[in-house]
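We begin with a single chain expressed as structure tokens, specifically the form predicted on its own.
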Amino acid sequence: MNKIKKLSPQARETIVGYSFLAPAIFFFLTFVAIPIITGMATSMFNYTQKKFVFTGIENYIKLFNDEIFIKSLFNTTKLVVISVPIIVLFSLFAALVLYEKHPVVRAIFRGIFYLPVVTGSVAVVVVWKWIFDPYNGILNYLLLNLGVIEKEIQWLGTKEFALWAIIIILITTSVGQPIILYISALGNLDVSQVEAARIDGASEWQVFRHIKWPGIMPTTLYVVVITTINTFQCFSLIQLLTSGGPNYNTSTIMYLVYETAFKKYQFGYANAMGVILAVVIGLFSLVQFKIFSSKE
């Protein structure tokens, strides 16, 4: 203690600062950095319950000759390409509409949209499983009574509809947070600029394009990147609804990693999938940063 008192104020401030950072650094190293390094290292081994043999890049070569992995990669990319733009555009539209409403109405709808986010994924899946149930579900019941379809559809049991059903659920459960973020971002805009533009005769589209859109660009970048990462890591919906079926038509890379590691016990091969997924997410995020940073 006496030695610390003899230090200069700047040195004491540095020690205190690193002391506060120490718990966060410990958890980062323990639960993020070390697992990443371990996963990358073991991806180059034939690592099972009985073997631990170095194989170099053999797992990666095997991956790109694995039809199930290629199908899962395609499914994951399809989820991202379709759902992310819809989530972002719908969230932005909803936020623009809600922001103009009375604060009480705005608060009610914010709660409604955010409810699926705070609701447990198991509860959400149970509801959607009932909706898509081919014999007792409300969706088939309504479509049959409206004359849209002639017989029950196996929404989660056929390759034509299963992935689309997952996309619908993913969209409805993912718009809550972006809407809240966009409403907050709109509240931080300079109101005087918006009012001045309207007084000068600017249309609502011109106000949005030249004032609101540039002002919420940092929020849009965050929403796009986070939504993309979360969609790439889609797992619980697949596990609870379809288990990757039928015939791996709804399998994602995250679900395949789980299945390979904890059902087939091929840990090295599963880690190689995880590394590829991390690279793909990194590339997508880099492109998004380049696009939206230039616009900002």
Partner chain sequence: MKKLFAVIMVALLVLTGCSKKEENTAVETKTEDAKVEITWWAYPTFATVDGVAGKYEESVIAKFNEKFPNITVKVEMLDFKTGPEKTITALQGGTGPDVLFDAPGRIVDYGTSGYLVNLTDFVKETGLASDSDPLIIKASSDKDGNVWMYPLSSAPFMMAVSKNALEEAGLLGTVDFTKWTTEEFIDLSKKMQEKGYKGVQIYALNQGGDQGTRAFISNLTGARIINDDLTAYTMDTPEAIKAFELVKQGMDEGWLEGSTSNNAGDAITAFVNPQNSTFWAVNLWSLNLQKQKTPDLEASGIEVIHATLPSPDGKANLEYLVNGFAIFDNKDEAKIAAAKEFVKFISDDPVVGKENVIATNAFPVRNSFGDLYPGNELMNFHKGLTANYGVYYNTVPGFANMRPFWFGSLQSLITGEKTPEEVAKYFTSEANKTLAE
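For clarity, every value in this text was computed on a predicted model and none was experimentally measured. Positions refer to the first chain, counted from 1.
The next section is about a form of this same protein that is not shown, the form predicted together with its partner chain.
Query raised in the report: Do heavy atoms from each of 215, 219 and 222 fall within 4.5 Å of its partner chain in the model of the complex?
Result: No, because 215, 219 and 222 lack any heavy atom that approaches its partner chain to within 4.5 Å in the model of the complex.
Query raised in the report: For the chain shown here without its partner, which stretch in 149-157, 113-121, 207-215, 78-86 has non-hydrogen atoms within 4.5 angstroms of its partner chain in the model of the complex?
Result: Partner-contacting stretch among the options: 149-157.
Query raised in the report: Should residue 227 be counted as a contact of its partner chain in the model of the complex, where contact means heavy atoms within 4.5 Å?
Result: Output for residue 227 is no: heavy atoms all beyond 4.5 Å of its partner chain.
Requested in this report: Answer for residue 237 alone: is it within 4.5 Å of its partner chain in the model of the complex, judged on heavy atom distances?
Outcome: So residue 237 does not count as contacting its partner chain.
Requested in this report: Evaluate residue 69 for contact with its partner chain in the model of the complex, applying a 4.5 angstroms cut-off between non-hydrogen atoms, and reply yes or no.
Outcome: No - in the model of the complex, heavy atoms of residue 69 and its partner chain never come within 4.5 Å of each other.
Query raised in the report: Applying a 4.5 Å heavy atom distance criterion, does residue 38 contact its partner chain in the model of the complex?
Result: Flag for residue 38 set to yes.
Requested in this report: Check each of 136, 192, 145, 188 and return the one that places a heavy atom within 4.5 angstroms of its partner chain in the model of the complex.
Outcome: Answer to the contact question: 136.
Requested in this report: Determine the residues of 258-276 with a heavy atom within 4.5 Å of its partner chain in the model of the complex and present them in sequence order; the list may be empty.
Outcome: Sequence-ordered list: 258, 259, 262, 263, 264, 265, 266, 267.
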